[in-house]
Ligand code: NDP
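Below you will find one chain, with nothing else, as C-alpha cells; this is the form predicted alone, and questions on how it binds or moves follow later.
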C-alpha cells in the first residue's frame, strides 16, 4: 500500500472544506488543508457574513425614520461608514481565529500557499510536494466580468466590502441576489443607486411574484432599475465614470460595481492535466458521492456549481467525510433547500416556484399581500407578500415564498415542514401566533384563479 503523507488534503479553507477536513481529523484521519489566502473562505470573509453585518448597519437608517411614528425623536444621528467597515473587519478577524482554532483542535495542518495538483495523489505548494490518499477540492468561486472597454475601472462585491468611503452615486450591473443586496445597503445609507439588468426583471430563477414584489419595493425606496439594458463601455472622467449604454445613452456615476455572476475558482490548478473533467465554466463534474472523474479526487461547494449556498457546501462536506472516513455512507440532499436574499425587504423561499410547479401538473396558488403591523404607525409604504404553491391532487405544499421583514427567519421553519411532506390541510390546521406576519401562512384560504 502506498505510503502517503496524509489521508486527506483539502484545497480551500472555506466553510465546506473546513467542515469536511475538521470532521475527518476528528475521526482520526491524517489531514491537511491548503489555503492561499485567509481561513474562512467566501462566506466568512467576502460574502454572507460581512455583507449581512453591513445590512444590519444599513437597517438603522430605516429604524430611525420609523421611530417617529412611535413617539421617538432621534436628533443628531450621524453615520460613519469607516467605523462600520472597521467593526466588520474586527469581527472577521475574530471569526478567522475561531476557524483556525477549530482546525487546530481537530489536528488539521494548514498548508499556506497556492495548491496545484501534479498527479492524482500529489499537491504542489510553493515548490513543496505533499501526497494524500484522497484530495478534496473546495476552492469555491470568484466574481466574473464581461470583457468590455473600461472594465478595469469597476469593482466587484469583494471590493465593495472594503470601500474607504461611501459613494454618493453608484451603478450596480447585474440583477442577482448579490446585486440587490448591495443595492439595498448603499441605498439605505444614502447613496444614489442604479441597477442595470439585461433581463426584464431582477432575480432570474426566483418566483415571478417574488421578483415583481421586490423590484417594486426597491423602486419605492429610490433605487432605479434600468431593465433590458446593457453596458457597452466604461470611461473614467474627472469626477467619476461614464457608462455607454445600449441604445447610445450615456450615464454618469461615481462608482461602478459588477455583480454579473461567479465562476468556479479552478483555473491553473492542474485539474485537466490529471484527467479531472470540468464543464465550460470550469465546474468540476462529480457524482452523487462528490467524486470526480479521477477516483482519488473529490470536490464540493461552489467549484462544482451544483447548489451554490454555504449550508449546502457544509452538508456536502459532512456527507463526504461520513462516507470516506466514518464508514457511514450518506449523500447530501438537494430537494427543498431553503434560501434567502437579504435585500430590503428580504426574501425567504423554499420549494418550487409557481412556474416550476405548473410544469409538473395542476396546482393551487394562495397569495396574500398586506402592510406589516409595524408600519401602521411608522407610516412606511412597504408591503409583505406571502405565497403558497400546492399540488392540487395530493394537497402537498410544493413551495413557500415570502418578501418582507423577517422572511428568512420565518421560511427556515417552513423548510422543515416541506421536508416532512406537509399538506395544505396541515398548514390550515396549525394555530397561528398572533399578532405576527408568520401566521398568514396558516390562514390563507382563498385560491388564486387559474391563469
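In this text, all values refer to a predicted model and were calculated from it rather than measured experimentally. Positions refer to the first chain, counted from 1.
The form predicted in complex with the named molecule exists for this protein as well; it is not shown, and the discussion that follows is about that form.
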Legend entry - The single option of 88, 262, 169, 226 touching the named molecule in the predicted complex, heavy atom within 4.5 Å: 262
Inset, instruction - Name the residue from 210, 276, 363, 173 that puts a heavy atom within 4.5 Å of the named molecule in the predicted complex. - result: 173
Inset, instruction - Would you mind picking out the stretch of 97 to 105, 217 to 225, 196 to 204, 111 to 119 that comes within 4.5 angstroms of the named molecule in the predicted complex, counting non-hydrogen atoms? - result: 196 to 204
Legend entry - Partner proximity in the predicted complex: residue 181 to the named molecule, non-hydrogen atom cutoff 4.5 Å: yes
Inset, instruction - Tell me, yes or no, whether residue 51 is in contact with the named molecule in the predicted complex, where a contact means a heavy atom of each within 4.5 Å. - result: yes
Inset, instruction - Indicate whether the named molecule has at least one heavy atom within 4.5 Å of a heavy atom of residue 341 in the predicted complex. - result: yes
Inset, instruction - Answer with yes or no whether residue 309 is in contact with the named molecule in the predicted complex, where contact means some heavy atom within 4.5 Å. - result: yes
